[in-house]
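Here you get one chain, nothing else, as structure tokens; it is the form predicted on its own.
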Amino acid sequence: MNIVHITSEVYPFSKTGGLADVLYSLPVAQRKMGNKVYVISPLYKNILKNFEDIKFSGRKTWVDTELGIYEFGIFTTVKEGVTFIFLSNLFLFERGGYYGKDGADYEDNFLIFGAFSKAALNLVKYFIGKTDIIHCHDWQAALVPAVGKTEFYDINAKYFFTIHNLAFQGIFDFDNVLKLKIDPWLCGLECLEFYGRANFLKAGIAMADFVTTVSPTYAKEVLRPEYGFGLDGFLNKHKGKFAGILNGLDYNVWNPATDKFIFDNYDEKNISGKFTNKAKLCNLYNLDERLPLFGFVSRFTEQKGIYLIIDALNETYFGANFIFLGDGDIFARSRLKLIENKPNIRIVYGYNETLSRKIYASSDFYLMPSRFEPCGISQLIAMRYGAVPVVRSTGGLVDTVVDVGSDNGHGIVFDNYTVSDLKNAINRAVNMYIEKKLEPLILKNMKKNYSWVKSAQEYVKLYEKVLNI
């Protein structure tokens, strides 16, 4: 089977979150199953500088819009049998941030990702050739099925669309979207139209041959108004072609036994390195290593529960240390000032791959009290590195973490998105640490298997089903 993934970011070349991890690990797993796999993504600023194995193919493609003709250079590299193709355009992709700057989206994101989607289809048609499945990811690539079925109807492929986070939909004024020279038919209620504006993600749902999201529980949640972000009714209309497939984790990329970024390597046969990692990180940040350490590596947003955490830590001293790595908007940073000077709390702003891995390897517990969580990869990484997850019962966290009060439990789970429930969960964790009940849970979590093998097989089965319709 020939599979093409289209995405706005892909690890290790570009990354703001879990989408990038998925778009490396899933294609690699599918390639190991014997499929021919391509990944198409933008060539952002500094990618060529950081990855010298990416080479110019000698070929270019063009996209015509009312705002001008945009030229894209085609760059390629191969990793683990997967061909990664990058589209370059100085004006569209070399701005610094991928989607915006200083907490605000670029006003012309409709052009950036609309033109990217058209250019990606040009690649499939003229550069790749025969393709069975075109698999698009999130709103940035959601226009692909719509444009593919109207403008590139001679591409004989089936279109899959995966929603990684329904909260981000790509909503723009029709006046701007029409400048992409798309078929006006797409602007109707059954495709782009969304309360008088154009919704890219809605178009992906409408025009794809099959739609998935990244966990079974989230697939059920988004059919309800409280999680549907205005699209629950439309998803219910299309639920006959909608399913949830749990994200996996690449256990070669995330492996404390071989991870070159952590202080000391360890595995489930000898976890002593887990404790030396904690000691060294605490020493680096002047924290008392005798106290339990809670880690948090994520965006500082309400979705991830950061305001719940701030309120809990501002009200209570838990006899524990907390280290945060991530970034957020001006409001999030201002709220974090309430706790950043406390002696048991450290906050590091920005994205830092090396430090993130050190935090996973050093933490006794991993905080993830999400308001909603499509799947979550952080809790999977944390478990792989022996940190006990402390999570709210939502989305993919339901599918991956079982409370220690149940048979085969290996984490701490709370139900309500309230400060009191989070404080109770943290206190449960601290008590477990004091009572020296942590080591069996470290081992239990490290032995959990959420590899991509099963998930990749589920995707391929769905591909085959759709191809045979």
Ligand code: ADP
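For clarity, every value in this text was computed on a predicted model and none was experimentally measured. A residue's number is simply how far along the shown sequence it sits, counting from 1.
What follows is about the form predicted in complex with the ligand, which we do not show.
Colleague: Can you pick out, from S362, N321, S117, S378, the residue that has a heavy atom within 4.5 Å of the ligand in the model of the complex?
Modeller: After the contact test, the surviving option is S378.
Colleague: Which one of K181, K125, K239, R299 is close to the ligand in the model of the complex, taking close to mean a heavy atom within 4.5 Å?
Modeller: So the residue touching the ligand in the model of the complex, by this definition, is R299.
Colleague: Would you classify P12 as touching the ligand in the model of the complex, given a 4.5 Å non-hydrogen atom cut-off?
Modeller: So P12 does not count as contacting the ligand.
Colleague: Just checking whether F263 would be counted as a contact of the ligand in the model of the complex - the rule being heavy atoms within 4.5 angstroms.
Modeller: Judged by the heavy-atom cut-off of 4.5 Å, F263 is well away from the ligand in the model of the complex.
Colleague: Should S356 be counted as a contact of the ligand in the model of the complex, where contact means heavy atoms within 4.5 Å?
Modeller: The answer is yes: S356 has a heavy atom within 4.5 Å of the ligand.
Colleague: Since only the chain is shown here, I'm wondering whether K304 would be in contact with the ligand in the model of the complex (any heavy atom pair within 4.5 Å).
Modeller: Taking the distances in the model of the complex, the answer for K304 is yes, it comes within 4.5 Å of the ligand.
Colleague: Would you mind picking out the stretch of 325-333, 338-346, 230-238, 307-315 that comes within 4.5 angstroms of the ligand in the model of the complex, counting non-hydrogen atoms?
Modeller: Going through the listed ranges, the match is 325-333.
Colleague: Going by heavy atoms, what in 348-374 lies within 4.5 angstroms of the ligand in the model of the complex?
Modeller: Read in sequence order, the residues that approach the ligand (within 4.5 Å, in the model of the complex) are G350, Y351, N352, E353, S356, Y360, M368, E373.
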